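Quick setup: one chain, the form predicted alone, written in structure tokens, and binding and motion questions come after.
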């Protein structure tokens, strides 16, 4: 199996599975219990919390564990949705767990503004600047686009926004940036940041909302007051510890293997661009090395996806969270035409992606592409 859909989810490392199983067997206790075994579980949670915060250079932040990044994004945005006569600013490239919440706010009569994208897929800074005013209370701009790999200059966008209104809250969905590109939250300037476990070789069902110290966040889920009264519900001790284990492994890989991933992507791109009907609009040295999106013109993306699946190759036709929907607002915002969007596929890599995996994938990508064009007479 050649798995090239790592932006959708990643495979858990063996060490992470071992950690999960060990905690499930030996530290299954309720972290809210007052006896010593409960305290041990609570300490394990806090150990993972500190591991994650340290990996992000987040000395001035607290971390709230959630059930997913989607929950964390919802929690961040809805916390400020009761402010009257205020406006919210988002980008057109946001993940559905942010963008659809923005649309929900809009449907409730709240003023929502959307920043345009450049043709490269990053937020248009000049347009963004025109959206911020004294009534802007909340801004959410993703760090790395889950579909194209475009990296937004969050530090600069924070500077622009807060130079106009220093009291606004700046949130960033960092799911595709976390442990993929260097991130230091103390220097980034954001107030709130979202991450996910299953995108970094940890288990599904665990995410985190990272909040600047001193910023009051009300609980999104109310109950027993877990997570310092910020997120009720019995903690997923095994999942959280496995998340921490995955972070500790990948944090080391971020420093040592970043260039390896970048070179793999460059090799893959250079091979693909020799295919006559391949068009790439997301290859940029400043983008995440883990994501590459492009179009095989004349070949429907879903058809290519299923044809490659027959050879044990797994890719994506865009974001897994929105691939069942018609159209593509991100690519449309970048100015792509219907033919480019209809044939757009995404390849996404992981630290264990190998050059031989890509060579195998390229062999069958070329074969599938040529066969499809012959069958449909589009290769003439």
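Quick caveat: nothing in here was measured; it's all calculated off a predicted structure. Positions refer to the first chain, counted from 1.
One more form of this protein, predicted in complex with ligand PLP, exists but is not displayed; see below.
Looking at 95-103, 258-266, 82-90, 160-168, the stretch with residues near ligand PLP in the predicted bound form, meaning non-hydrogen atoms within 4.5 angstroms, turns out to be 95-103. Contact check for residue 196: a non-hydrogen atom falls within 4.5 Å of ligand PLP in the predicted bound form.
Put simply, residue 68 is close to ligand PLP in the predicted bound form: some heavy atom of it is within 4.5 Å. Heavy atoms of residue 176 reach within 4.5 Å of ligand PLP in the predicted bound form, making it an interface residue. Although the partner is absent here, residue 142 sits close enough that one of its heavy atoms falls within 4.5 Å of ligand PLP in the predicted bound form.
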